[in-house]
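Okay, so we've got a single protein chain in two different forms coming up as structure tokens, structure 1 first and structure 2 after it.
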Structure 1
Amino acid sequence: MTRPAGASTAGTAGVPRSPSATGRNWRQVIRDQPLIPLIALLAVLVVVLEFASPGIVNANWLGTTLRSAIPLAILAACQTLAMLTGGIDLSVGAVASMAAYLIGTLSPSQGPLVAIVIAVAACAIAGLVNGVGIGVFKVHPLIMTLGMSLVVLGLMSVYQLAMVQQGVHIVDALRFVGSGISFGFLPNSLIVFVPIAVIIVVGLRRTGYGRLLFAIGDNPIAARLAGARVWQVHVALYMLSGILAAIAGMLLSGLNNTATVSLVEQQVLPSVAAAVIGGTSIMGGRGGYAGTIVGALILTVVTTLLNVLEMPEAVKQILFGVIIVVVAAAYTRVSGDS
């Protein structure tokens, strides 16, 4: 799918239909630095928001926007990593909800620390099963993670019945990290998010594992022939995805001060959307996490904007869908791959 850079520039130079030199440079900038137009789009949205409701853009707004964008960005990290290899992880909603609900029900009896360890371990196991199914048994990622989300949701519904009298207790620390805002504009969840983001962004570019993800997404057969142990990469990837989902689930339960077995389900499709808007190709091999973070911010600002404009839920959904199609189409157009 990706062409060698030299060939593509030489090709465009010779093609008469490219209208002007500036037009070509535009495309090149967007192709090489997708972050620039994304941040521009984000800025435009913020300006529109300020016009729609003057005075809304302030320190407090920044804090709440970041606070709700962070769990989405972490879930979108799962999608970004999976999509780089040509996969997808639809089980993040069920897995993240599982983490939130397990901690909510186990912390009174086991103490918060043990509860968190159990929850993260459970999520890692769900990811391990995903990874084994996809990597070893070559099950299509869409089907594997979809089936896993059903299994997890079903098991949690059964568990919920056993726990129905106990009620849910949200650990204070999670509430502090998930919903607290310090200095008026810095959400406490940044403590968790910044290290994760740095590790993923740097890890994708600078580590062998990161390059393996791109290699497998670009051409799995070539990657295998070059000596990559593809199944091991998949197992590690989906376990990582499960652990990231667990972190997002914890933050969301702290943010919403509740934990249910379907707490995060609503965020699954937006997490895919954030990765797509951020420029990661669902076919694999192209993308990165920095774009995804901006994508999550864009979706959060759009949601705020639609709320401010008092759009009915229906119109919100329609616009949401249209935005995803338009952004994805714009990417395909400028990056030239189909």
Structure 2
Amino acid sequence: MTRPAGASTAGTAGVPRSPSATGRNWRQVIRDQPLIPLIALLAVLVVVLEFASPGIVNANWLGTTLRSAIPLAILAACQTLAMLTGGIDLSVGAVASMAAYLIGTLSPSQGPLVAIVIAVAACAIAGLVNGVGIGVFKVHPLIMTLGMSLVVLGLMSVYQLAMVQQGVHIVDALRFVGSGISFGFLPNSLIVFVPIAVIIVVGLRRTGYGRLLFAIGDNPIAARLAGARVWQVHVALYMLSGILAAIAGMLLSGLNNTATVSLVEQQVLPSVAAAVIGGTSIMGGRGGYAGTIVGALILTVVTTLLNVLEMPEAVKQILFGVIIVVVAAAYTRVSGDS
């Protein structure tokens, strides 16, 4: 017997969807399209900020927010790439600070270009040591990068004593790129950030190396059996992380118009939080950089909101820690449920 046209639709139009089905749909959206809830959350936070301080959301605020979020997003790129393999990079704060301080102290005598080359090379060497320790000697990434952070901080403290009479000079170009805003709302640091973001986003999805990061994070043994040279992937990964940290340190020194051996230390926890909020799994094998960028924007808006509410720095650190734990647990539950 032939069913009349529209009978199926009419028969089910009034049937409510079960709560479990709705929950599964939400979990699927969060798992497969994390940018949708992230952008919605960012919009809600902007609205809350406007209610907390009417008139604060304008073109100048937009430019200032983007300018502050860009160095954090670059540091969070280090965490995203490392976390895709099941690792983490806790040395980014010390390495980024080293780059800023080396440029600030070497540029008066060596010139800006030589100082930048030396700083980037030093950061790449720190990343190389991390990669060899993790990829060749199988040291856990958390232990290796934490140890490297302490080593770099110690070395820079000794260097600081040796350069105690040498003033710190912030290169004009770094001030222009790090703190400048054009057309009232476009930070000059976008000149640096946009190419980096495009390369990472496209590279993760369209290149063999990007696919290797996901494969190693998902199942390192299977990746090794398939012929992937895991140790080489780790070495290249942490060298890239060191270079990205150097770029973030340069931008922060230009933004803050200063350079110290601990300039970027407080950005380590937020960089991890931005990657986790963006949907990158701390267990490896899942995530992406587009979500991390939105995560950095979310944290920047949250920081602005806390400043408007006159919350102390300790509250910010507590909040970022709570965010990491809660969001990681939520993503784990979403990805684990069918």
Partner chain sequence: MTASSAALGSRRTVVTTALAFVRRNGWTVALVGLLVAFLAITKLLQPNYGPAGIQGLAISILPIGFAAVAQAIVVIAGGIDLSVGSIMALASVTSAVLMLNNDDLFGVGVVIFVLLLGLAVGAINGALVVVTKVPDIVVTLAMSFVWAGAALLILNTPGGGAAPWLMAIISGPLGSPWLPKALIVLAVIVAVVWIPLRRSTFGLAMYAIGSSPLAALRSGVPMARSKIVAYALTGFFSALGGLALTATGGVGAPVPGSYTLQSVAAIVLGGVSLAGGRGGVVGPIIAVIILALVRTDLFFAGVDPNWSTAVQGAILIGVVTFGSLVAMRKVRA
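Remember, it's a predicted structure, so these values are computed and weren't measured experimentally. So that the term is clear: the rigid core is the largest set of C-alpha atoms that superpose within 1.5 Å between two forms. The first residue in the sequence of structure 1 is number 1, and each one after it adds one.
- Here the chain appears twice, and structure 1 is the form predicted together with its partner chain.
- A displacement of less than 2 angstroms separates the C-alpha positions of residue 44 between structure 1 and structure 2, with the rigid core held in common.
- For residue 311, the Cα coordinates differ by 2 angstroms or more between structure 1 and structure 2 after the core has been superposed.
- The Cα position of residue 325 changes by 3.5 Å between structure 1 and structure 2 once both are aligned on the rigid core.
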